[in-house]
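Encoded as structure tokens, the following chain is the form predicted alone, with no partner shown.
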């Protein structure tokens, strides 16, 4: 399903996913009405960059970003496990936003903020080198070739993440769609701002130690699909590029297979 495109004179990026699903129960509607306004992140109307400390109204040791948090189970689990880290979640699907709000209320999570729109609209408002970790988990692979330009992993979005991430910060990507995994690996390893620290196939087939399963991941595993977990690091600013990454045998990483 394709979402509405920009109106004449509107330079917003085009959104292709769903905005709404089934009708929400009364309790979820109340969360959208009462809780979301207190947690919503909004770019400054006058332009400029957000003060991340002010966004969370309290001291946080780091700020993480999740692009497309689905129903919010992963983001909420990370927030519970890291109460001193502020986490901004971006999701345009309103039913997913309601799902995260339910997790926030049930867990009394005070370190979560929400941008309920296309993440790309928030990027320009975030400060340089302000994000310590970013998650892009099981995003739509847009499998048809004519739709590949809709994929989140693109040179433009990688440039934006490179600006936002701190030196040494981690970018996590996961998918059960192997062609999208190869697409992502080729593009991120070709970007001068990112390195891929994997050395053996276990590094992409095994979850990170502090991983929390997403709803989509559980469904994929339940139907016997294999999931791949990629971790990239933001190179220090000013560092010179390195030779192509190699994995156990000296071959460049065309793709994790099997």
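These numbers come from a predicted model, not from an experiment. Residue numbers count along the first chain shown, from 1.
Keep in mind that the form predicted together with a small molecule is not shown, yet the notes after this line are about it.
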> Out of 124-132, 182-190, 110-118, 159-167, where are the residues with a heavy atom within 4.5 Å of the small molecule in the predicted complex?
Replying inline: 110-118
> Any chance residue 41 has a heavy atom within 4.5 Å of the small molecule in the predicted complex?
Replying inline: no
> residue 67: heavy atom within 4.5 Å of the small molecule in the predicted complex?
Replying inline: yes
> Is there a heavy atom of residue 204 no more than 4.5 Å from a heavy atom of the small molecule in the predicted complex?
Replying inline: no
> Heavy atom to heavy atom, is residue 92 within 4.5 Å of the small molecule in the predicted complex?
Replying inline: yes
